[in-house]
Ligand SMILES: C[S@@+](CC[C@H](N)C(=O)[O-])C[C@H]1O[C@@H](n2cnc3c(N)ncnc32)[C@H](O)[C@@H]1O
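Shown here is one chain on its own, the form predicted on its own, set out as structure tokens.
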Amino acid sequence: MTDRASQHIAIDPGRERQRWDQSGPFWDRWADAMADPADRINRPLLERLDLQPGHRLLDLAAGAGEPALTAASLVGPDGLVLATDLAPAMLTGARRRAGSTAPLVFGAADMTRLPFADASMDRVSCRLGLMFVPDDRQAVEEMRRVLRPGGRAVVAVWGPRADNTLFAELGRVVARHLGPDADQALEVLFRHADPGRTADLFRQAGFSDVSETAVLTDAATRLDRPFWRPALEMVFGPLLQGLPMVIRQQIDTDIVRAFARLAGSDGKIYLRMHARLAAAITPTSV
């Protein structure tokens, strides 16, 4: 399936919500192990947010906790970070990692019907969550509604599947074993992969100063460590649950073989990661 075709992938809201309810334990299990890769997106996202002491930030699809956890230290004791997710189970890991961090509050929220007043936020962030919302345009319109004039929204989405080595290889292997459901679970990640797609949503919603940039990184790893397992379980965990052990072992074996073909003579594998950041500001006058 091409990246452009994936823009039009049908998303069943009930099925998607069930998927994330079931995924919570996997995200909690691997959140700490995935902190370094996640930081490659968190840092530029936070830079574009330009958080200041006293700001109120709404973090959507907060999942395992970032960028909300780091943002709480930036807004200071006079600010507030509201970390929300459609699936309350996804916030379990975030709560654990946060401890008693203040000023950080967790809660459930549907991006298309946010339970917050108009112009009540200074900033809105969403890291790798907008792609999963069936009505992504309504979600962006809700971001504008809750932002004050001059407020800023920053959203991260995945770039093309072919530019994300880990997902591309895992997807090929898992789809061979589990069929269309596995491919669907992965393809929705790349619904906003085409350059400019997310920025267009912000323009249509009436934002100004809209920009979109690529975040491209390459990281070296080695085949003698299961670097692929966190992503495998975080993306495909609900599909893998309950499979006979012999099939799970065959999937693992085939994944190792797939990445072995990418290894250089030094045994290193270079993983490309491509995300896209869209930033926009709410107009200060009509």
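One rule holds for the numbers: they count along the sequence shown, beginning at 1. Treat the numbers as computed from the prediction; the structure is a model and nothing was measured.
Another form, the form predicted in complex with the ligand, is not on view; read the next lines as being about it.
Proximity to the ligand in the predicted bound form, taken as a non-hydrogen atom within 4.5 angstroms, holds for one residue of L82, V133, A94, V157, which is V133. Interface residue among V215, V210, L128, L178, judged by heavy atoms within 4.5 Å of the ligand in the predicted bound form: L128. Among heavy atoms of W27, some come within 4.5 Å of the ligand in the predicted bound form.
Under a 4.5 angstroms non-hydrogen atom cutoff, the ligand in the predicted bound form lacks D200 among its neighbouring residues. Using a 4.5 angstroms limit between non-hydrogen atoms, L57 is distant from the ligand in the predicted bound form. In the predicted bound form, A61 approaches the ligand with a heavy atom inside 4.5 Å.
Residues within 4.5 angstroms of the ligand in the predicted bound form, judged by any non-hydrogen atom, belong to 106 to 114 and to none of the other stretches in 71 to 79, 192 to 200, 178 to 186, 106 to 114. With contact defined as any non-hydrogen atom lying within 4.5 angstroms of the ligand in the predicted bound form, the contacting residues in 76 to 94 are D85, L86, A87, M90, given in sequence order.
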